[in-house]
Structures are given as structure tokens and as C-alpha cells.
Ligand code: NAP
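Just the one chain here, the form predicted on its own, laid out as C-alpha cells.
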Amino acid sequence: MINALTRLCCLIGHPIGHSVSPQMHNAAFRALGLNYVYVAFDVPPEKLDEAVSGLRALGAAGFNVTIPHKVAVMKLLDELDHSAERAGAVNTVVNDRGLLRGYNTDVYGIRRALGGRELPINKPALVIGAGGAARAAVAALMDLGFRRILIANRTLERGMALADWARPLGVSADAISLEEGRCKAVECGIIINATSIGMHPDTGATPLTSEEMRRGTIVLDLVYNPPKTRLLEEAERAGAIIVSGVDVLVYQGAEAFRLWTGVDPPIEVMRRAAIEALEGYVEDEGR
């Protein structure tokens, strides 16, 4: 029951209509009997400063940050955790009595989603995109042992900036065009889509087709709505090993939950709530 002591957590991004984070976090709060509530706010870029100031003033326990604010929000925070500094982006903020500290739980989520399998670290990795999610993907790949990373992006300059950021951290990183990325994908042991290509409502879009991937490649799509994107369908058709963005969503959300509450999250409750919400989303859209 919501009352005067309820702690607020939320998501800020633009757009946010596709998000199932409210269902996932609120299910976890209920399961543990915690007096928290999680909501989502659509915040356009020109309103980001005001939104962050407002959440600080309201005493929100913390908030998640999604596209397109993961880099821009950094300058509005008081401190950055090592995870955020290393990833060069923030997706989780904790409000410690008015002090806003930024974290990156996307890196953790990607590592957990890819864990438990043998990884082809001696082959190049391909990251599609050059925004905050791509930075987290590059950082996670470095943590997992990859030392050769190709960054394919529509705007080559942004890809070059990400490659320049990654090289001093100990990897060989090169920026390439999306067209070149489609040619190079067959040489890569792992492919991560860190763009919004294929996200609802544009579910027919894909950065790669089955002909541009090979059997045995690990393909992770950070898009989770729908859970099996067109990219993952194409990868499956090519015989690749697919990893849904739902896994990353759950693991990164679980780490954010822990940071806000100090309590270990009920991960399976969160996973079930996210999947049910996504299934319901598809049903509603079909009516």
C-alpha cells in the first residue's frame, strides 16, 4: 500500500512507452514487502536537467536512466562510481541524502547474460552502435577477455570517439560503417546490437540478416521488446547462439534494486514479471 513513507524509484528516458521496468521492480518490491514504488517518466533531452533536479528535491531513492540520457546525465551528478567511470555512461543513480551517485549496472547485466558459456575471446567482437549502451557493451566485452572490438555505427565520427575511448583501456578498437559491419560480422565470434534497431514498434528492422552471420556466433540483442527480435530470429536461422535482451534487463535491474534498497533482489520474480509484461504488451498491441 502506497503511503507517506513510500520511497520513489523511477526510470527517465525518451521514449519510455516500451519499458517493462515498472512491472519488474514493483513485483520485486511486493515480493519482499518493501515500501517502494517504481514509475516511468518520459523526459525529452531538453528537460533532463529539470528532471534530475526534481528527483533530487523530491528525495527519490534512485532512478534508472535510459536512451538517450545515459551519457548526458553524467554531468548532472555529484559522484560517479567506478562502474560508471569505466563504462563512460550511467544507467542507475542512487540518491544518498541529496547526493546523487551514478553507476553503470548495464556492464554487470551484459556480463551475467553472457556468462556460463565458453566465449570466443580470440575472435573479434562486433558492437553495433556507439551510444551509452554500446559503451557498456565494450566495457563488458573487455571484462570478459575480448581484446579486438569492431564498432559499427551509422555516424562514423561517433564510432571513432568510442574506439578512441576504448583503446587506452587495453583493447584494439576500430570504428567502421554499418555497411562494413555487415561484411565483417561473419568474422566475429560475438555480436552485440546496442542500438534501438528492431525495438517496438519497428519490429521488422534488423541490423543484420542470416546471410551476414555464421553458425556458432554468439548474438546478443540489447533490445528486449520484443524478447526475440528480428535480429535474433535471423541469427537463429543462421545457426548462431542467441541471447535475449530480457536477460540483460533482469540482471542490470537486479543490481540497481540492490543499490537502492540494500537488499538482495528476487531475480526470478523479476524475470517472470518482465516476461509476463512483455507478453501482455504484445497481446494489447494485437487488439
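For the two forms, the rigid core is made up of the largest set of C-alpha atoms that agree within 1.5 Å on superposition. Position 1 is the first residue in the sequence shown; the rest follow in order. All values derive from a computational prediction rather than experimental measurement.
As for the form predicted together with the ligand, it is not shown, yet the points below apply to it.
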Contact residue in the predicted complex, chosen from G88, G102, G129, G181 - any heavy atom within 4.5 Å of the ligand: G129
Of I197, M74, M160, V94, the only residue with a heavy atom within 4.5 Å of the ligand in the predicted complex is I197
Testing 220-228, 258-266, 47-55, 32-40 against the ligand in the predicted complex with a 4.5 Å heavy atom criterion leaves exactly one stretch, namely 220-228
Is T155 close to the ligand in the predicted complex, meaning a heavy atom pair under 4.5 Å apart or at it? yes
Can you tell me if A60 lies within 4.5 angstroms of the ligand in the predicted complex, counting non-hydrogen atoms only? no
Is L249 a contact residue for the ligand in the predicted complex, using a 4.5 Å heavy atom cut-off? yes
Report yes if any heavy atom of H69 sits within 4.5 Å of a heavy atom of the ligand in the predicted complex; otherwise report no. no
With both forms fitted on the core, give yes or no for whether the Cα of V71 moves by 2 angstroms or more between the shown form and the other one. yes
Displaced residue check between the shown form and the other one: R271, CA, 2 Å or over, core reference: no
